[in-house]
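What follows is a single chain, given as structure tokens, in the form predicted on its own.
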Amino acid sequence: MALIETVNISQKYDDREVLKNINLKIDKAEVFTLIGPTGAGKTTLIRILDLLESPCSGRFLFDGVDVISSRANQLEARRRMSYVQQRPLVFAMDVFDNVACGLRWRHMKSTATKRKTEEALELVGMTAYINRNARTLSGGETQRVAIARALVTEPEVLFLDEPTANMDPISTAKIEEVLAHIINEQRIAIIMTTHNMSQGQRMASKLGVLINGELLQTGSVNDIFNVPTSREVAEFVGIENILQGEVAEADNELASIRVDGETVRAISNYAVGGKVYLLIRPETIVFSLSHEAGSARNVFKCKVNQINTIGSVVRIEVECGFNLLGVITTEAARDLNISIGKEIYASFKATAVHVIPRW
């Protein structure tokens, strides 16, 4: 049984639909990261899951219990959760008292409060700051105190809303280090929102993509970034080669797909005549000066239209009946003597093409 389950959860503010029929399952001790652009509805969804606001429709089950219909069930579930908001507030008191306050509100004995508070601060690497006024801390330090304060009550699920938003790279790396430590040490579910896709890849055991209030796909990091199920998800996760095609031939799972007059071979189970998108990651395309296919099913003679060097990589846009973007190292670009207008060959394997239906 899932720890958290939503069934057709929707939310409106006035006449604006913010969330649309969200169906989601999160297991105990799972690290679930919700990614999506700014304004997609991520904060609204996490606030509903943390019972800070109620949806306008749908069901929400926590550990199998419907928590929307009963105020008593909500209070019981809320005591098993903790939430760290994007810009956490700290009280004008020392770090120890900031972290201990939740235990004191629950009337825990002072000896147990001291022990648990010290353990929580050690977990987030803030023991040395125990007597510091929390209002004098940096943004990253404040976030670590807020995480300790959330963990000290020993929740079954920890909600984190954009935990590294507006932080410098050093502070971001420290927070991620703390979260990785928590994931290893604590058997709790962690539900985090972020618009930082690389952070989502590093931290999550499962991802969800929320765009325009709709949960378009959930799955493993590999599923989301390499096997997206829609064009919207593919564009969001950075798949820049999205080609429109139609299945011309199908031989078991190997299909011939027509794209702007050219034929691309791909692994597909769509029937002849099916209208599809072909998704090809730039890093899977190989450029050469001669027609040396090797094991690649797809080899095209191309003309270089654009070259952009970014650090140690070169982005190359070519035209081969359709447009393709590839990425190679600067060393490889020098070996190929790449220049605009030059004719080269682009090749990629049939297995490098991910095929999805074109609605």
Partner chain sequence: MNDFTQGFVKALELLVTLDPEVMEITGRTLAIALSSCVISTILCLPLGSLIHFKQFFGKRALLNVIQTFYSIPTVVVGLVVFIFFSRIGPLGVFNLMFTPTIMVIGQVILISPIVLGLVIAALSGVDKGIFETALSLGASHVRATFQVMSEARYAILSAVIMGFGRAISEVGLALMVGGNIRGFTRVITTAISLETSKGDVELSMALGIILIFIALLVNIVFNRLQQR
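The shown structure was predicted, so the numbers you read here are calculated from the model rather than taken from an experiment. Residue numbers count along the first chain shown, from 1.
Just so it is clear, the following notes concern the form predicted in complex with its partner chain, a form of the same protein that is not shown.
Using a 4.5 Å cutoff between non-hydrogen atoms, A271 does not count as a contact of its partner chain in the predicted bound form. For R297, no non-hydrogen atom is located within 4.5 Å of its partner chain in the predicted bound form, even though that partner is not displayed.
In the predicted bound form, its partner chain lies within 4.5 Å of some heavy atom of L52. Within this chain, F225 is remote from the site of its partner chain in the predicted bound form, having no heavy atom within 4.5 Å. Contact with its partner chain in the predicted bound form, defined as any heavy atom within 4.5 Å, is confined among 179-187, 239-247, 203-211, 92-100 to 92-100. Only one of the listed residues (L254, L75, L289, I130) places a non-hydrogen atom within 4.5 angstroms of its partner chain in the predicted bound form, and that residue is L75. Site annotation in the predicted bound form: the residue of M81, L216, L137, M126 reaching within 4.5 Å of its partner chain with a heavy atom is M81.
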